Each structure stands twice: as structure tokens, then as C-alpha cells.
Ligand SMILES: NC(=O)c1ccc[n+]([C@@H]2O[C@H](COP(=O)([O-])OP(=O)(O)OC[C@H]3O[C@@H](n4cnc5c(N)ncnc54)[C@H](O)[C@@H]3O)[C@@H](O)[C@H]2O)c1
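First, one chain by itself: the form predicted alone, in C-alpha cells.
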Amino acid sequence: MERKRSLREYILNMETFFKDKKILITGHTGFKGSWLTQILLNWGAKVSGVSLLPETAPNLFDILKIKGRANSYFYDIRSYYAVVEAIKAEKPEIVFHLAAQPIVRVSYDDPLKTFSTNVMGTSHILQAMKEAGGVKSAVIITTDKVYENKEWIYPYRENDALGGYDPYSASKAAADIIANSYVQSFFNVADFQKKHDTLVAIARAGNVIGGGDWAPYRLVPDIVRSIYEKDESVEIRSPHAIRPWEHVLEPLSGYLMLAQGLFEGKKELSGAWNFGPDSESFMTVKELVAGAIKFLEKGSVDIRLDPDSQKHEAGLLTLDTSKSKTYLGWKPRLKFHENLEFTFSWYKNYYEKATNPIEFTNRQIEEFFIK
């Protein structure tokens, strides 16, 4: 596999490439999906989305007024026929599959919904692509939690064993395996432009932060709700757990690079790719909360024992991104303090009503991609 263009080189032509492309995003009403949709709409892409209605209030999808700018199908991906209907109607050239039940703790409360959404939902997307035809490039987003986590200090590579202790991790590992099965069975690179015209990649990332996330059981939303909405101390249950924090625009830039390369027929990009921060951003939960409070200049911390301590969550899991850096040309662009600044300046602007949030979001996108 040859070395690829740098991220900066991709960025110079990325906006031109995506202009007028027909793109379908599953999960476009979610946190990451809304950021990705906003980027592509800014670049002139013809975006459609398949997703449930937003599940929190407020939510980024409504704040960015995406509903009137992207052709939205408020369907449940657990319905195969609904997915087929949307793909056949929109005839996308590029697909980003982000729709999922993404919360570890929710997966303990409703494992069947988690498995049906993440496993069968992913199967429905891939099968619909196969049946409808016309998709040239697809990026299936899973998570860093697909790996069999041994809680060691070594970062995981794309060819390490998959696993899954909790229902969420297991469901995403299964989705990852299913995506690879479709690649091998129906979208094999050996048959590209002979039996099919579709190239598929799998993207793994985790511990993504950024403005506009209000999901339950996530640290950053808990921080801003405590400080801005409840006026109370931020409760943290696992202060010493280490996480590889990265701003949402970091993995999204990798997904976009993959989608472009696959569309251009780069068969070597088919397969799995890790997108995570450098070790400088491996910080404890306590350190992130302290950094947020320092930046916002308000708030306090309340460390408590976890009342749901029987529900296992990973204490340490990091990714080796050598493959993405070497062969894709991707690399993290923000340091840890910049991740904090990008994230909490967004919330500060929103809650203090300093600038129109759409304008502020676009400013962050532009600043990131020209950095």
C-alpha cells in the first residue's frame, strides 16, 4: 500500500469533490450525524438522511435547522423495507452509516433494542445498498469498543481481535463483522468493476466530544447540563478512567477522506481504519472535567461512588492510528486543550447566546479544515 496524500492536500480539494454529490447519511439527526450533515451541506452536497427523530431537547439537528436543508426520512433502520425505500428513492452515490444505539449504559437497560438497531440495522443498510445498486462509496462507522479489551496500555490495531463485554460493545463488534462479511462476500475488491462498483470501509473511533451533544450518560453533556441548566456540581463516577478524547471533527475528517478515496476507486482503502487522538489527549475523566471548569470559569466537581458499579465499562482503551496516518494521510489536528476549547466554547456561545449557533458551528468547521 502506497503512502497517500496528506490531510491538508485532501482538504484543498475536498469541498470541490463533494459539491453536488448525492450522499445519504444514516443517523443524521444525531450528534455526529448533524456535524457531518452540516459540513457536507456547506460544501454543496445533495444530502439525504435516514434517522429517528432527535431524541433530546435541545439537539444539534434542530439548532442547525437541518430538516429543511436535507431530505430527511424519519425511519427506523430496524425496518429493512423502510431503508430500501429511502435508498431507492435517493439513489445515493456515497453512504455514511452512523445510525446506532450508541450508549453503553442504555444497552444494559435495553439490550434487544441495542442488538436489533446496531446489528440488524447495519445489515439492512448493507443489503439495501446491494439490492439497489448505484452506491460507489460507503463508510460504515462502528466504534473503538469493538476490540476485545484487555485493559492494557497497548493501543489496538485494525487486525486485533474483536470482542464485546457489554451489550453495546458486542453489538458494534457484531456490526463490524457483518460489514466485513459484506465486503468479502458482495463488495470484494477482487470483483470491483467486474461484478460490482461499490467500495466499503469500516471506521472505528470513540470518546468523541464537541458542541451540540446532549445525550444521556455522556460526560460532556453531563458537565454542561450541571453547570448551565441545573446550577449544581458535576458528578463523576469514574474519575481515574482514562479516555482518548477527540473532537468530533477529527474522525469526521477521516470518514470524509475515506469516502472520497473509495469513490475515486482506491481499492486499498476498503477495510477497517482507526481514528483516534495522539497520546497527548489520553486524559482521565477528572482531568477533562477540571479543564472544562477552568475554561468555562464556573462549576465544581462532586466525585461519588458509581451506584451502577456492577455495570462494566472499559477503564482504558486506546487506538493505534498508524495505518490511517501512513496510508490515508490522516492525522489528529487538535491538541487536548484545543479539543476542550472547541467543545466548551461552542456550549458557552450557545447558552450565553453570544453568536448565532449556526454561524458559530460553521466558523469552527472552517477553522478546523484550514488549520
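Position 1 is the first residue in the sequence shown; the rest follow in order. Keep in mind it's a predicted model, so treat the numbers as computed, not measured.
Only in words, not in the display: the form predicted together with this ligand, which the text now covers.
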Given that the partner is absent here, state which listed stretch (70-78, 87-95, 152-160, 186-194) has heavy atoms within 4.5 Å of this ligand in the model of the complex.
70-78
Would you mind picking the one in V208, M129, A259, A292 that has a heavy atom within 4.5 Å of this ligand in the model of the complex?
V208
Using a 4.5 Å heavy atom cut-off, which residue among K266, K136, R218, R237 comes into contact with this ligand in the model of the complex?
R218
According to a 4.5 angstroms non-hydrogen atom cut-off, is G27 in contact with this ligand in the model of the complex?
yes
Heavy atom of A100 within 4.5 Å of this ligand in the model of the complex
yes
I'd like to know if S226 sits close to this ligand in the model of the complex, meaning any non-hydrogen atom pair within 4.5 angstroms.
no
When the contact criterion is heavy atoms within 4.5 Å, does T117 count as touching this ligand in the model of the complex?
yes
Quick one: N274, N339 and F368 and this ligand in the model of the complex, is every residue within 4.5 Å by at least one heavy atom?
no
Looking at this ligand in the model of the complex, which residues in 155-194 have at least one heavy atom within 4.5 Å of it?
Y168, K172
